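There is one chain below, alone, in structure tokens, taken in the form predicted alone.
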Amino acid sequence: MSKSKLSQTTIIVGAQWGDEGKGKITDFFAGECDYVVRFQGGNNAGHTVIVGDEVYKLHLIPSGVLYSHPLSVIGAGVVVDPKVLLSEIASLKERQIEPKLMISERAHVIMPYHIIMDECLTGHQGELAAGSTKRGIAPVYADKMYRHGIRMGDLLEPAIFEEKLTKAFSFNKNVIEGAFESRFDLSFDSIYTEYLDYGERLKEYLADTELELYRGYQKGKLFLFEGAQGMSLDVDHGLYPHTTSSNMAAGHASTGSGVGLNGDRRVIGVAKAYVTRVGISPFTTEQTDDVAVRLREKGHEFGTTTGRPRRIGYLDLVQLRQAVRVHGLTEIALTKLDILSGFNPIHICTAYNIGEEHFTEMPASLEKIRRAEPITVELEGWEETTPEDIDNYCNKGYDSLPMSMQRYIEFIENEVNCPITIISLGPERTQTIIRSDI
């Protein structure tokens, strides 16, 4: 399980719909870094990290918090629900982990009216909805663009907070009551008092993170950027409108953190050996048969944030090619290969048929995606792996894997023109192979 050398900048991003195992891959490398930085999204994302017998479910705090050395940073591109963040901090402290955490003063705050607005929007959008977690993510990003958003630093300045809250509260109340004809029972005074208190309780963590990160970058410190969600949920490049409300492409790491990343970088795209999706959208390779049920149960495929059963599909190389292009991936971390053991044959989607057209790259058209039919190949599977088998593979390395598993890995990397350098055979740090042959 030796770890390959990190660049000064390493960016870990999702290559599918999210839920690919980014938390484990981030945790795997985080102990070697000086900074672990979240640069987008909010508590609609969830990362599960397993260390020994301990299971940690993180939603806002970067996965590197489980190590004592790196500074965990929540960047300006993240949207923060202070109540959720305080609960997450308290949960870690109860488990004897003192978070080494810094939060950007420029990060925007999720307010109670954003959650009401999220409910209204989901009902209004119908079949065009994204399957929102209803955590207020889209409305807070909307308020940010309307330019009446509230930032974490505002919670430390009562007069500024009151001035901004007056405008934002009135705007959201009028839209919810007028456009959606929904109830709005929130109290301005209660929100004002409650959120000033949140600011005071989080004051020790709030800072000019952009300056801190810039100075660290100039000194040659090692950075690990942790993306949330996945490529197909990117608001610009994903399957719009069935997306989230932020950019998770690796290039957004600079924007969401405030650090100009000019040097060499390592961009690791995390992909499951199959595909899962929580939410509403076309899903070209989706399975609803007994195989899907078996994969869901065996892989514990239920959302970290919502607990919803994940939709299951076989690996989609059209989707993965887009991730390689848009993220600028230098390599792929392939997770949950152990879950596919015992399935034979294994299907992989290499292209789409849409009417009489053949697509190997993701089309922008929603109408075309709705009609897409997968073109698949069958590969030989491998026998069920035991915990002892996995320990043996991880100790001996890539060449010890079953030949059919190696062919599966090499077929993928040849099709998408990106090397698979990291292979995860289980949720724990030790259940990982770093390939030394490429």
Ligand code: GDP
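Numbering starts at 1 and follows the sequence shown. This is a predicted model, so every value here is computed, not measured.
Below, we refer to the form predicted together with the ligand, which is not included among the displayed structures.
Within 4.5 Å of any heavy atom of the ligand in the model of the complex lies no heavy atom of residue 257. Interface membership of residue 338, defined by any non-hydrogen atom within 4.5 Å of the ligand in the model of the complex, is confirmed. In the model of the complex, residue 48 approaches the ligand with a heavy atom inside 4.5 Å. In the model of the complex, the ligand sits within 4.5 Å of a heavy atom belonging to residue 310. In plain terms, the part of the chain that comes close to the ligand in the model of the complex, with a heavy atom within 4.5 Å, is 338 to 346 out of 186 to 194, 338 to 346, 143 to 151, 204 to 212. Along 391 to 430, a non-hydrogen atom within 4.5 Å of the ligand in the model of the complex is carried by 424, 425, 426, 427, in order along the sequence.
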